[in-house]
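In the form predicted alone, a lone chain appears below as structure tokens.
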């Protein structure tokens, strides 16, 4: 259990960050935990698995990839502990394998939407979005990237390091320079933490402002997201909780303590309406956001709408 608790804490503190990486870490942690459950009764086994799953899911309330990955990993139909354990291990291995393959597939599909000479703007640090950009570059396309700093955690600094390591010409800008620089952009490419039933995108805070600027400037916005980032619960009208993070990420607490009339709001994510998204690139194809319902039904399954 301690190893699982350590993983949960790394997810909560954003030592492990990014919706895809969070999902993979949670699946692997649950798999390793199941290997060490020492009970023989299936009810006791299921109770321990459910408790562990709950610990992982509660770490980051917005990233839908987390509960989806956990549910895909832990579900089984066995009546014996040994069979249930084996089924969960197979589920985890399958999920981790498919998650790795998804990046490659999304990169290949999304790269077709990038033209030679394009200037691409991206936000935060998304492995999915970067898979498209780096694939296009490896194909020999002459592209460059404008990357936002992505305050307050400054994930953009990770992005520019990865782009630099690939040899891709990159410009770092502060978040407030998005509209000013949009005139130089051909395509905007972002990742996703969640996609709702109506095709809305939940992603790093600032994404909606970028999308608004892109729409006003008549620039295409592509969202790159694995199918496990779509939210089945939104079929029933459930809202995705927007995580509020600590004021410490924004301002020194001692400075804040000296200003009793000031409070800090630090949402980790915002919501971009479907009408600002031109296409969602997944590992199974490129779709308009209006097809989110189809993705949830065909690639996640109805049992996911019953998740507790």
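Residue numbers count along the first chain shown, from 1. Note that the structure is a prediction, hence the values are computed from the model and not measured.
The discussion below concerns the form predicted together with a small molecule, not included here.
Checking 291, 286, 300, 14 against the small molecule in the model of the complex, a heavy atom within 4.5 Å turns up for just one residue: 14. A single residue from the set 45, 276, 269, 33 has any heavy atom within 4.5 angstroms of the small molecule in the model of the complex; that residue is 269. Contact between residue 73 and the small molecule in the model of the complex is not found at the 4.5 Å heavy atom cutoff. The closest non-hydrogen atom of residue 210 lies beyond 4.5 Å of the small molecule in the model of the complex.
The closest non-hydrogen atom of residue 144 lies beyond 4.5 Å of the small molecule in the model of the complex. Contact annotation for residue 148: none of its heavy atoms lies within 4.5 Å of the small molecule in the model of the complex. Partner contacts here mean any heavy atom within 4.5 Å of the small molecule in the model of the complex, and among 107 to 115, 210 to 218, 121 to 129, 89 to 97 they occur only in 121 to 129.
The candidate spot formed by 19, 155 and 191 lies fully in contact with the small molecule in the model of the complex, as each residue has a heavy atom within 4.5 Å of it.
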